[in-house]
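Below sits a lone chain in C-alpha cells, taken as the form predicted on its own.
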Amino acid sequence: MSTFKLPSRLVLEPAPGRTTNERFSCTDDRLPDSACRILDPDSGRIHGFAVVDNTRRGPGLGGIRLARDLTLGEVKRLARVMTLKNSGANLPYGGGKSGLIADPSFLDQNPELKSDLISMLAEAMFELASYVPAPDMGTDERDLQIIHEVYSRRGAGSQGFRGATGRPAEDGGIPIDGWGLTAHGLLAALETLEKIDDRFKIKNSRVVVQGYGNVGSFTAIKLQQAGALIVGASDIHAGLWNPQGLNVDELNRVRHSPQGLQNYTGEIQKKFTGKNLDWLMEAPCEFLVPAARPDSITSRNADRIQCKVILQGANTPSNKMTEYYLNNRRGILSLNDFIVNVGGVIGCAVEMKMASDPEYRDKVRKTGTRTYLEDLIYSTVSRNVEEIFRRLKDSPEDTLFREQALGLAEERLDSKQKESWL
C-alpha cells in the first residue's frame, strides 16, 4: 500500500449480474436492492463496493469498512446482516454496507490522504440516496463528519434530512466507539443469559477477545468490571494468553501504538503471531468474543474451540452449519451478531432521529444522551434475548439460537406495522 495512488475521483457503477450463493434459482427477496462497484472512471480500477440490501423499514443504514482484501461478496453479506440488525432491533432502517479496498493502517498514518479519499467516496455515494453511511472497521467519527459535510454541500437537507451518522459529539453526533455502545449490547446479552440460565456466570469467568479494537477493548473493560477475567486478547499483530489474566489497562494503552499488542509488557504464557495468530481462539475459556473479520470460526477450527458461549462481537464470524455443529455436538452456544451487537447501529439511529426531530432531541437530552442510549441498547438486547430463549423452549431440541433470531428479525421485517423502539 506504500505505492497507493489517489484517484482523481470515484464513481458508482452497478455491479454486473445479480449473483447469489444459490446454484439454480433465487427469490427476489434474497437479492439486494442495489449493488455497486466504486471505481476510478479514468483507470477503471475498482476501489470498493456499496450495497443496499433492503429498504422495507427505511433507508439502508450500515458502516463503511476499509480492508485490503474486501470483496463484493463480503459487503453483500454484511449488508444483509444490517437488515437483520435493524429489523430485529425495531429501528426505522433497512440494511446497507459499503467499503474501500485499502490498508487502514497505511491510511491512518497518512491522514491527509485518507481525508481526500473519504471525500471522494462521499461524492460518489451521494448518488445512492437509499444508503445512510456509518462507521465500521477502519473508519471513525472524523471520517463520517467529512461525509456529512460533503452531503451538506451537495444539498442533502433540501429534500428532508439526510447525512452520515456516527459523527463527533461536538458536531452533533454520538461517539459510537468512544462510549463503547456496541460493547454495552454484548454485556446486556451476557447478563440476560445469566438470568435465564444459571449455568452461565460472568463473575470469575474466563474471557478471550479476538480483535482487540473498538468493540473488543470496551467489551473487555465492561466484562472485567462485571467480575470476569480477561485471559486472552489479539489484534492483527499478536495474540496474547495468560490464564491468570491480562492487564486490561496495559492492553488499552498499547492497542493504538504501532504494532499494537506486540508492545504489551505484562505477563503472558503464550504469544501467537503471523499465520498462528488465530490459535488464540482455541484457548480454554467460558466466553469467546470474536470481534474482528467474518468467518473466524469455521469447520477448520470448530473442533478445537474450548468455550461455553460465543458472543459475536463481529459481523458473521461463523455460519449456520458451524453453529449447528458447535451447539449440537460440542454444547457451545452462539449468541448471534444481528441480535447482540446492535449497540452501534442503535446509537446511529438515535443520532439521525435527534438531528431531524427537535422534540425527540429534547427528550433524549433531558434524560442524558448517553444514559438514554445505554438504557435503550440494554433493553433492546435483553428483550430480544429473552424472547428468543422463550421460543427455543417450544422448539425441537436441536434448534439454534440463530434460527429463532432469524425468525424474529424476519417477522419484524415483513410486518405491515413497522414498530419502532426509538
Ligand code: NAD
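Bear in mind the structure is a predicted one, so any value in this text is a computation, not a measurement. Just count from 1 along the sequence shown to find any residue number.
Beyond what is shown, the protein has a form predicted together with nicotinamide-adenine-dinucleotide; the following relates to that form.
For a residue to qualify, one of its non-hydrogen atoms must sit within 4.5 Å of nicotinamide-adenine-dinucleotide in the predicted complex; all three of Ile176, Gly211 and Ala314 qualify. The chain is drawn here without nicotinamide-adenine-dinucleotide; in the predicted complex, the stretch among 324-332, 193-201, 132-140, 165-173 whose residues come within 4.5 Å of it by any heavy atom is 132-140.
By the criterion of a heavy atom within 4.5 Å, Asn336 is excluded from the residues contacting nicotinamide-adenine-dinucleotide in the predicted complex. Within 4.5 Å of some heavy atom of nicotinamide-adenine-dinucleotide in the predicted complex lies at least one heavy atom of Ile236. Contact check for Val289: every heavy atom lies farther than 4.5 Å from nicotinamide-adenine-dinucleotide in the predicted complex. The shortest heavy atom separation between Val215 and nicotinamide-adenine-dinucleotide in the predicted complex is within 4.5 Å. Arg293 is the sole member of Arg206, Lys114, Arg293, Arg77 with a non-hydrogen atom within 4.5 Å of nicotinamide-adenine-dinucleotide in the predicted complex.
With the partner omitted here, the residue from Gly344, Gly94, Gly99, Gly88 that has a non-hydrogen atom within 4.5 angstroms of nicotinamide-adenine-dinucleotide in the predicted complex is Gly344.
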